[in-house]
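Here's a solo chain for you in structure tokens, the form predicted on its own.
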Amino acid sequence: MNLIEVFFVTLQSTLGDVLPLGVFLLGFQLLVLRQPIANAWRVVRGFIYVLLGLSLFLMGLEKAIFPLGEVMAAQLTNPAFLYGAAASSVTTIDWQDFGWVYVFAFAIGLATTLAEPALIAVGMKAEQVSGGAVSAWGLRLAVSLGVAIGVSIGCYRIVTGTQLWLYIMVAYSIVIVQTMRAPAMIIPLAYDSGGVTTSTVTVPLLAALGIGLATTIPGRSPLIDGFGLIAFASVFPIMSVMGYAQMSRWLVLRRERKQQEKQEVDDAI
């Protein structure tokens, strides 16, 4: 099928997915709330935009994002790339040989999260509500670093073939300890930050990277080992945001303590 045919097939499928939600909202508005729909034409126009946008987005995933992740994973794990001319004499592959995979995973996790629209919106709202106490850029950077580190560790898990539950148990144990010690103001925001990272930009790329990596590494199953990167992208931002808050509070207390010590010395003089 050409692109136009693919678009209309995708549009039809998207309409079947979105239409029940629209009918439910319309029925709830008219039958339960018994209120007319304000700006009905604007609502209809927005519904059309949603259909077109989702259809184009799904086409982009199928035609570009998923193949790109699989191609990049195949190239980064190619023995010719890893070992050069000595590739034919290599019999075993060690996890340390996949350094560029971890670098690529870190970079893709950082870049996609910084560009995540949901995180941008949450950061702006957090800065607005907190009166500037929470920096939108600082929050985005902390979450992005958490995702980048998590995705890198997730790729290490795929390469080594270790069990996913071990990493998740350790990660959430750290989260529980941090929750007991982090400032109360940042805890709900940290937990929400773990959710907003797994949205429209991040999820497709991570899914494609994980499946592609598990497909190209001998002895790995795309179904068993290929999934799980999104779990890392969800839990590690919680750790990084609470760590960012704890570090910020420590720096503030340290600065206040130094100022107090300086004041005491000045008073003594």
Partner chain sequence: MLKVLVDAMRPLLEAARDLTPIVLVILFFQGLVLRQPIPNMEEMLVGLVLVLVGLALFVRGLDIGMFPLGESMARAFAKKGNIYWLLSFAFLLGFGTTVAEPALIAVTGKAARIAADSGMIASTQAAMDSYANGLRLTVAISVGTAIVLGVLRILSGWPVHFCIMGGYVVVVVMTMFAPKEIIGIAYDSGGVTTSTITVPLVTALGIGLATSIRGRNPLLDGFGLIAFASLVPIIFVMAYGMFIL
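Rigid core: the largest C-alpha set superposing within 1.5 Å between the two forms. Everything numeric here is computed off the predicted structure, so don't read it as measured data. Positions refer to the first chain, counted from 1.
The same protein also has a form predicted together with its partner chain, omitted here; what follows describes it.
Discussion item. Since only the chain is shown here, I'm wondering whether V9 would be in contact with its partner chain in the predicted complex (any heavy atom pair within 4.5 Å).
Written reply: The answer is no: V9 has no heavy atom within 4.5 Å of its partner chain.
Practice prompt. Examine V252 and determine whether its closest non-hydrogen atom to its partner chain in the predicted complex is within 4.5 angstroms.
Written response: Contact with its partner chain, no.
Worksheet item: Taking 4.5 angstroms as the cut-off for heavy atoms, does T216 touch its partner chain in the predicted complex?
Response: It does not: once its partner chain is placed as it appears in the predicted complex, T216 has no heavy atom within 4.5 Å of it.
Discussion item. Quick check on D192: any heavy atom within 4.5 Å of its partner chain in the predicted complex?
Written reply: The answer is yes: D192 has a heavy atom within 4.5 Å of its partner chain.
Item to complete: May I ask you to list the residues of 110-145 that have any heavy atom within 4.5 angstroms of its partner chain in the predicted complex, in sequence order?
Response: Heavy-atom contacts within 4.5 Å come from A111, T112, L114, A115, P117, A118, I120, A121, V122, M124, K125, A126, V129, S130, W137, R140.
Worksheet item: For A74, is the CA shift between this form and the one not shown at least 2 Å following rigid-core superposition?
Response: Yes, A74 moves 2 Å or more.
Discussion item. With both forms fitted on the core, check whether the Cα of Q246 differs by 2 Å or more between this form and the one not shown.
Written reply: No, because once the rigid core is superposed, the C-alpha of Q246 moves less than 2 Å between this form and the one not shown.
Practice prompt. Relative to what we see here, could you say if P117 and F8 have their Cα atoms closer or farther apart in the predicted complex, with a change of 3 Å or more?
Written response: P117 and F8 sit closer together in the predicted complex.
Worksheet item: Your call: K63 and E116 CA atoms, closer or farther in the predicted complex versus the shown structure, by 3 Å or more?
Response: Closer in the predicted complex, by 3 Å or more.
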